[in-house]
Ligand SMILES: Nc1nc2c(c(=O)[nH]1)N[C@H]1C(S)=C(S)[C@@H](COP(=O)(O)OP(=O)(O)OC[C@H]3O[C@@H](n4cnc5c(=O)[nH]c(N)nc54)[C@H](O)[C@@H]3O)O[C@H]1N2
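A single chain, nothing else alongside it, follows as structure tokens in the form predicted on its own.
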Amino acid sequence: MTVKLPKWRAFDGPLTEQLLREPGSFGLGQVPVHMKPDATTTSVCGYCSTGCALNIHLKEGEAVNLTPEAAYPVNLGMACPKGWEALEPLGASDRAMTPMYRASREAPLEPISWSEAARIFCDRMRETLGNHGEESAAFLSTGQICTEEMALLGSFAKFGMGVRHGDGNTRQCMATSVVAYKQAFGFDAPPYTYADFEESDVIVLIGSNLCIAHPIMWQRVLQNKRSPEIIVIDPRTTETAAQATSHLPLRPKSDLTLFYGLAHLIIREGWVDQAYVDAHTTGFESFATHVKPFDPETVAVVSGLSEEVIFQLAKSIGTKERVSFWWTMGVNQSYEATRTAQAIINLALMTGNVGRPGTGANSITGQCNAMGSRLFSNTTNLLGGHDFANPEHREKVARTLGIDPARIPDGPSKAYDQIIDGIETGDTRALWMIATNGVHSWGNRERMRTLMAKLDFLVVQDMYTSTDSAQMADLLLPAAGWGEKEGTFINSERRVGVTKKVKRAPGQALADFHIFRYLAKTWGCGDWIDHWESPEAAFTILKELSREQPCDITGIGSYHDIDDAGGRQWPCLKGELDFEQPERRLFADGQFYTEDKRAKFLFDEVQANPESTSESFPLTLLTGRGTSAQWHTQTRTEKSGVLCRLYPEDAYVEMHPSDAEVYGLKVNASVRVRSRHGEVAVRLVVTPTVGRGQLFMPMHYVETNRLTNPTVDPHSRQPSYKACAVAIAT
């Protein structure tokens, strides 16, 4: 007989405290778990930020199949290829199944027990901190582990170990949007709900290949009954651009000039919603003065778009009732990304397209839990979106956690790039990398490999032994993956969802939560760590930390309640849990999170691209998502035979037919692409989807980040992956 379980849990909860005291003695992964033999439960997907719910089908107590959940308000019964195949990477042959350590850089990694691993971790980290100070060790986390795990990591590292610096790979995808929202709105607050895709008259997609990167969101666009204009602003004719009402193939990195030019036209034509601007914003007059030089003629020359096209876009934005702006990495990964995102926000504010259905300046997140990382990882923010520099915030967090406020740093961490640069200067001596493959994903890959080898101590905590980073580790800690642990994710529209444990982790692999807790116990953190006894207990702590913050989730109940409600968007205050209100957008009352409750117009001078083309490097390399079947550095998705068959195995570069003719290059030729940072050999694809003078390489391949530009935006410190100068030859 098949049993339909309560959605929230397929079997009993976390491993016992007894196992955590000495996990090496108990053969973890083989411990009996009380599971219902043939059942179905649901779990939020662990890939992208869409946050789809999947039905997980169990047979004899093990997850065997996945189907999309029809009733969940995010995906409405849809799933992309990665969702259908999410279980297969758990059974890969290169799973990390026991802690491993190398006594010297020349020695191989050898299996050790968890007790040995914890002792080595604590001894060597203490040695580094004792000899070189609190800034000498750092951690690099992720947007792919549970919110409770992120919070425990940040609390243990900063308040327990005394490590001052830690950042996440969310720096590579969402830092720009975080800073843009904080500065303009007073808090990192994406204002939208996915229902806005279905309620817009004009949908403006900027540097976003929604069809490929977020295919379920594209399906929500297709459900719009208002016959919307769908406008794609992107140098490349992406899959999304091909299906749009109109495609504006602007020159790479001319977007800030374009948006200032659109503002110029909206002001000139009298399309400003002056009543909204006067009531709810500050800085508009200065902004209006700033955009006066950005006339259509000037913008056309810079952007490569015609004056007529620019005017028609401004008219659509300025005259239609409901206009929504959506951006992803094409905006975020730039040397002037923050001001570009704020230029989009300015367009929404000046036309009153904020807080109403079908409107908004809306950043789409990359990883499954980047929003959880942004609020609770204890990296750029103090837990719960608090400010490290605010003594009242430090006191509140300390009181909630039961620690001495003096344990909390009075300033934020170094950013990812600064931590990495610190290896070169000798400031960063030990690094703990969790659920991220930074050797592959950070820009200028060859430099990254060189710097990792300079560290005194590199700890990598991951599911797999084969990643570039794991192969360089001194200590490898085996972690459970999605489906092998429980906790919460927060998706792009601020919806908290639950992910479930439906499989045993292999060998001695542990959930990241339990690894952090075991290390904290070994370190001797004191009684406060006992309150983090399970992920759900930790969630209760996070709720209290969020109290009276814009991201207040004190009204959310248990994991069970979250599941039954179809997830819960923040804010959700005590007493506000309304099961008749599944969608919650922000700023409907025109009140923002700034001190004066008004949104700010922010702007700056347009900067020249630091990676400009030259005689030696005459082409511009673009990067981006290549397929809905692969994910980031392919660490997980390459384990699926089905997903691999949906995408070319070997790296390739796309080039316009006219350029191929000029260079005398043939389809499928082996070519060498060279930048100021490296050189790679790849296969040539000739296609008119790439503009003349441009090349495109998918981000998934290891070759791509041997070429990319490590320059960062000065405000968000996010890398500029999207446009660097290259040359091509056979």
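Throughout, we count residues from 1 along the sequence that is shown. Worth saying up front: this structure is predicted, and the values here are computed from it rather than measured.
What follows is about the form predicted together with the ligand, which we do not show.
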query: Proximity to the ligand in the predicted complex (heavy atom, within 4.5 Å), stretch among 104-112, 212-220, 450-458, 396-404; finding: 212-220
query: Every residue of N169, Q172 and S441 near the ligand in the predicted complex, heavy atom within 4.5 Å; finding: yes
query: Contact residue in the predicted complex, chosen from T176, S628, T428, S640 - any heavy atom within 4.5 Å of the ligand; finding: S628
query: Heavy atom within 4.5 Å of the ligand in the predicted complex - the one residue of P235, G372, G358, G318 that qualifies; finding: P235
query: Contact of G261 with the ligand in the predicted complex (heavy atom, 4.5 Å); finding: no
query: Residue contact check: K503 to the ligand in the predicted complex, 4.5 Å heavy atom; finding: no
query: Interface membership of H632, the ligand in the predicted complex, 4.5 Å heavy atom rule; finding: yes
query: T42, heavy atom within 4.5 angstroms of the ligand in the predicted complex; finding: no
query: Residues in 239-269 with any heavy atom within 4.5 Å of the ligand in the predicted complex; finding: L250, P252, K253, D255
